[in-house]
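Just the one chain here, laid out as structure tokens, in the form predicted on its own.
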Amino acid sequence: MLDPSRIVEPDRVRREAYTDPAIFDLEMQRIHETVWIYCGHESQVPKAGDYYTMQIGRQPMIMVRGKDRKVHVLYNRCPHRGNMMCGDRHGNTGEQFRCSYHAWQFHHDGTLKNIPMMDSGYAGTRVNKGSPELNMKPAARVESYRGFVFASLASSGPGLKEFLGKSIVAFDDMCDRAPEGEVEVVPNCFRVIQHSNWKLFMENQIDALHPSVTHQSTGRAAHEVEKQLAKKAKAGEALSYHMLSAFATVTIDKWDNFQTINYPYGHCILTGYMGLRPQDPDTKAYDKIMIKAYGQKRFEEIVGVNIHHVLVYPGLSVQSPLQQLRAVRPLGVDRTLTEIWHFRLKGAPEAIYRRSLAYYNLVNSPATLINADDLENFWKCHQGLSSDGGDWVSFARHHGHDIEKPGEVSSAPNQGTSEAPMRNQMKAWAKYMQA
């Protein structure tokens, strides 16, 4: 079952891809610990010594701001006895890292600074202060694009921009919507552990067929309240309910008007921006600031970008018009952590920030019905796939109708609910796994 050619076919995949622990271990080695993985945003570590911990594949890592103002990504391990350098999720190291076990000290870039009683304790041993193995090990490659930090644990491979390809629009779109051309992270992060395989989450993010089905009960209830508030001329209050009602009022046939564009390395863009753009005083005030910053022509280009969702395979989901990002951290074959981050548009009015924050809380909070709907489906899918009820997962919807061009595969017109993104992800998965 470790042979990808036996697991993935053009329109289906064997269930073991989601449930076999040996396959999961190979995924960590050949995918998550090889390709570019999102670490965090530079604004998470604004001062020297600020750090944030995360995982790349199975590896515990630290993203830290150095005195040189550079952002470094290091393995979260002391080279002495293997103690994790940072046990907290985030904080500030002060002038240096200091191991809590034997007080070895390291500069922010991971190089050894001091070993207690070095001269008396290590004379005549192989421990030499200049030995590279006594430094905290850095990630093989670290690059940042518009403040978004990525690392690869492989010393060779495509550069970050080449890897991102056209999915880079996710970061450009988000930053360009800020009058100052930059975003900053909102410190609150929703962390959700789903009891299912990581690929189920990635497939769901660009699944245009499920919203009108999975979230119908939530959307219909919200729509009833929205209509009542509209009758009472309470448009401001109705807006929050509209964020939820869209899941029911945008029907399956309307989702077919969208389009998915799939790229090498497994990335995908879902077009058809369905964000909220009311012509209220808050939006008009934001538009004036943007026009002043960019000019009318460039402003129209920015707000006219036609994307709803961008998937950066294998572990990132970006909704740039809503200033949201979800990072996927696989913990086991049936256990996945998702970190849900929200960003503030620098220079935008407070009201615009509050509006996008409301969507973040209403739709992506662990407490929302929308999130609960998805999490239940993920768990049920994993339970079903773990059974003997069948060997194959079907991705046949609109198979054979995709439009292929050099470097991209698009769903056909009026076939936005095509399972082309799932086929593209598994095609990329098979290539990675054959490495």
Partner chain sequence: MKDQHAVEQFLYKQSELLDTKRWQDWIDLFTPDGIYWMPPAPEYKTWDGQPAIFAEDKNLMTVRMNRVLHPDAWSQRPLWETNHVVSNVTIEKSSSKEIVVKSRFHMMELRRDDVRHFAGSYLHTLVKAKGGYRIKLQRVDMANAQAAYDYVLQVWV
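Please read all numbers here as calculations on a predicted model, not as lab measurements. Positions refer to the first chain, counted from 1.
Beyond the structure shown, there is the form predicted together with the partner chain, which is absent from this document and is the topic of what follows.
Colleague: Would you please decide whether T368 lies within 4.5 angstroms of the partner chain in the predicted bound form, comparing each non-hydrogen atom pair?
Modeller: Yes, T368 lies within 4.5 Å of the partner chain in the predicted bound form.
Colleague: May I ask you to state whether T214 is within 4.5 Å of the partner chain in the predicted bound form, using heavy atom distances?
Modeller: Taking the distances in the predicted bound form, the answer for T214 is yes, it comes within 4.5 Å of the partner chain.
Colleague: Contact with the partner chain in the predicted bound form for A154, defined as at least one heavy atom pair within 4.5 Å: yes or no?
Modeller: Contact check for A154: no, nothing within 4.5 Å of the partner chain in the predicted bound form.
Colleague: Since only the chain is shown here, I'm wondering whether H308 would be in contact with the partner chain in the predicted bound form (any heavy atom pair within 4.5 Å).
Modeller: Because no heavy atom of H308 falls inside 4.5 Å of the partner chain in the predicted bound form, the answer is no.
Colleague: Counting only non-hydrogen atoms, which stretch in 108-116, 154-162, 92-100, 330-338 is within 4.5 Å of the partner chain in the predicted bound form?
Modeller: Correct option: 330-338.
Colleague: Looking at the partner chain in the predicted bound form, is some heavy atom of each of V186, I193 and L229 within 4.5 Å of it?
Modeller: Looking in the predicted bound form, the three residues V186, I193 and L229 all sit within 4.5 Å of the partner chain (heavy atoms).
Colleague: With the partner chain left out of view, choose which of R220, R298, K284, K254 has a non-hydrogen atom within 4.5 angstroms of it in the predicted bound form.
Modeller: Result of the distance check: R220.
Colleague: With the partner chain left out of view, choose which of Y360, W104, F148, F201 has a non-hydrogen atom within 4.5 angstroms of it in the predicted bound form.
Modeller: That would be Y360.
Colleague: Residue by residue through 374-391, tell me which have a non-hydrogen atom within 4.5 angstroms of the partner chain in the predicted bound form.
Modeller: If the 4.5 Å heavy-atom criterion is applied to the partner chain in the predicted bound form, 374-391 yields L375, E376, W379, K380.
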